[in-house]
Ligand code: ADE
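The chain below stands alone and is given as structure tokens, in the form predicted alone.
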């Protein structure tokens, strides 16, 4: 097992400064780190983590190490690794295998290197680690955590087939993760990435948001706030109705494709934008993805339609169509908020990674009671994270009186 595979160890000092800056904005995780430092609940536990290697992730990794864990970290996306953060962690003794710009072969080489730790617990952002574990039939894993909607979908499919080999907690589905990280984090960071890459003016433009889950809600809200006309494309009738009630136009992709200036996919599914949509897009349309994998935009279709491609600037590729229209793809169709910006703000990831840290402990202490299924985050963990976050913000909330508690637990009070 190699100590690390990174871009440049000389970047470590800058990475450490950025990690410390993020730490100061992650008070919930800091409270847990201090608790773990004293209690050592993860002593001797080996963790393989496949996550976006960012300053926020670094603070999670250092929290787990404070609890006594030994960790091997690899990147969950070829374009999301912050090389100075990877260097800082490697310099601090963490086994880290990640660098920005990995090709597919390098990506899986890094993942396989991390698995050489023989993990007791896996942490995933997209379920690539768990998929690899199942491919290789690795044994001895007590459980895992999954951070994303895409990953949870994959794992529930695996569980439905009866093939999941150990219990997994769907951290993504915790209310303190999904409602805040997915909505506010994705909403802000996606627009940040697009503006970084293109200097796009949102005011007066038509922005097509493909998918209206929590991520889509956040993207639509922020685009609307910057003055865009927002169109939502959605397959779920309840979510589509919600988008209508929220004030957005809702239509099929084949119609939205004709009027959009900017397209943002957040579906978790394949080919949300494809050939028939590219064929009717306006000249100059920009296409970006903020779902997990680079499959939401059908890039092979785009390449087949183009007669010429040009990298007009970093992370922006121009596809020239036969009728001279130009379409622009950002970040190779990968996560635009991480490839072209910093990802979610640390204040939001504070809650997501607090859930991760507490769920790892839950797995270690309860794995012998869990079946090989996908579990929700225990309610007490979700509520603890919310309480700690409120306390860090100096916010107090109301408490129920004994009379109110009795009323809510009774059936015999009526008119």
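Positions refer to the first chain, counted from 1. Given the structure is predicted, the values throughout are model-derived calculations rather than measurements.
This protein has a second form, the form predicted in complex with the ligand, left out of what is shown; the following refers to that one.
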Find out whether any non-hydrogen atom of residue 57 is located within 4.5 angstroms of the ligand in the predicted complex, and reply yes or no.
yes
At 4.5 Å between heavy atoms, is residue 338 in contact with the ligand in the predicted complex?
yes
Give a yes or no for residue 342: in the predicted complex, does one of its heavy atoms lie within 4.5 Å of a heavy atom belonging to the ligand?
yes
Mark residue 357 yes when one of its heavy atoms lies within 4.5 Å of a heavy atom of the ligand in the predicted complex, and no otherwise.
no
The ligand: the contacting residue among 61, 349, 28, 50 in the predicted complex [heavy atom, 4.5 Å]:
349
Name the stretch, out of 362 to 370, 61 to 69, 349 to 357, 28 to 36, where some heavy atom lies within 4.5 Å of the ligand in the predicted complex.
349 to 357
